[in-house]
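Single chain ahead, written as structure tokens, the form predicted on its own.
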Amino acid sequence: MIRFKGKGVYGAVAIGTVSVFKRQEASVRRTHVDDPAAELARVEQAKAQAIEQLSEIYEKALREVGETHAQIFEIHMMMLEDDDYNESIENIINTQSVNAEYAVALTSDNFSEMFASMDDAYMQARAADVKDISNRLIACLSGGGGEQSEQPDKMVVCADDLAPSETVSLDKERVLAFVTAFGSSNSHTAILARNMNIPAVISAGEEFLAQAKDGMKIIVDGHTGELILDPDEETERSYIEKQKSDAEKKALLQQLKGKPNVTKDGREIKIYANIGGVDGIGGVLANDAGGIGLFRSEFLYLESEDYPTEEQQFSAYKKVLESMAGKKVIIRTMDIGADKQIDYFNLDKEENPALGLRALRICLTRPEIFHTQLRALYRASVYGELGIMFPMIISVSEVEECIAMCDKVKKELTDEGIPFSDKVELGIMIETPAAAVISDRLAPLVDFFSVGTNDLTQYTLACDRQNAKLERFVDTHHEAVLRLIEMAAKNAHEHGAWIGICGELAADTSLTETFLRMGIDELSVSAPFVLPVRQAVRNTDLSK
């Protein structure tokens, strides 16, 4: 029996046999060719085949993980058509008279190295995408499909890492879990695993992969990140019991649908859901959330090739408000920048993008973009109960500027005879230490606070949330972070505002009682966590 420890990214237990993920690695050798034109024709044919494969994977991802998370495969298709990428391949073939496979491999190395050397975390992540599309193209050139060979039944897939396309291509009916030696909890693959409900452990290390052999029995604990190769009978029995316990807990959670979010001593808490787009509404309703605590409006921008128009935004906001049938919907104004870069915004390259021009800072320096979004939001407000939330606040003057812009938009709509609701709540995110420290001055200006714990932790602990190497230094329960949240809660209530949490910590049930004792009024989580958080709330007794 050999034990390893990684990082769990989807909590569940799997017991099965190892299947080491083997890619169809085409042997790429440099070969002289007499007819470069023929090689270029081969590239075009392989590209067409690769795009067809990616289109099929996109459709599969659309069904299994939703439009937002399927977007990566549309990006891969666009990358295959990228002029710079294709010109590099063409130039290498023409100038060096070499085979297409070699030209693609060399281009892949050059481009991925270029992306990996950039300071921007988003651009660094593109290095893996370049390798993914290039490997697919080489496989097509070599007569392969670029995917794993036929998968055996009921296996635990073990790999060095998995590209997003490889993760989605896994047959969920056959895959019990997957384990990777590398990867980070913020990677596309980890996010896809959570949305596909596949138990997963990442960062298990090279030694794990060296020991894992096809057919070997393995236990994967996605809760703790523990991995056990060749377990003894007693250990296996204990994990079978843990599986049964998990299944019983899930069945009990389903019984919580329709039940109130009330503590044992009678305090009611709002439990809402976070979504990244209109396609997430189904999950909100299916998991019985009381509303939407965070609608990430930036995805409207990320999914467009140009600035979304007022009408496009109005249509999306109207749909989500109508679908929620009077339940609260809090829409965050666009949080572009940092790890969410968009070409058509033409943002300057920054040494520290997480500390740079992002979110509200873009809105206030490009008021025409902000103005368009606010008009769409207020126009949609007549179709439901809307809250508008501003991210990355650090000062009173910023909030005052936001309120002035809202007043200007409301006056315009009144003058134009366009209806809007006069009951729209305005709120701000507490995601910088500055906002928490001056929350006593911010609270009188707004109706609510919502704590973004991901960024608040990043800025408080000075740890880049995109840097996998820093995960060991990131203590999400750090006393400094919790003190800032408590300070914001106290100041919100003293000035008549309510306060929620919409970051990852809202779903951490080990902190639910702590948050409720602080006075947190609302917890907004990913839809699958609504019922577990409801259970934690109902098990809490604040009178003790």
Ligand code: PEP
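Numbers follow the displayed sequence, beginning with 1. In this text the structure is predicted, and so the values were computed from the model without any measurement.
This protein has a second form, the form predicted in complex with phosphoenolpyruvate, left out of what is shown; the following refers to that one.
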Quiz item: Is Arg332 close to phosphoenolpyruvate in the predicted complex, meaning a heavy atom pair under 4.5 Å apart or at it?
Solution: yes
Exercise. Tell me, yes or no, whether His76 is in contact with phosphoenolpyruvate in the predicted complex, where a contact means a heavy atom of each within 4.5 Å.
Key: no
Self-check item: Proximity of Gly337 to phosphoenolpyruvate in the predicted complex, heavy atoms at 4.5 Å
Solution: no
Quiz item: So in the predicted complex, does Asn454 come within 4.5 Å of phosphoenolpyruvate, heavy atom to heavy atom?
Solution: yes
Quiz item: phosphoenolpyruvate isn't shown here, but in the predicted complex, which of 296-304, 240-248, 438-446, 133-141 has heavy atoms within 4.5 Å of it?
Solution: 296-304
Quiz item: Even though phosphoenolpyruvate is not shown here, does it sit in the predicted complex so that Arg358, Arg465 and Cys502 each have a heavy atom within 4.5 Å?
Solution: yes
Self-check item: Residue among Asp221, Glu101, Glu166, Glu431 with a heavy atom within 4.5 Å of phosphoenolpyruvate in the predicted complex
Solution: Glu431
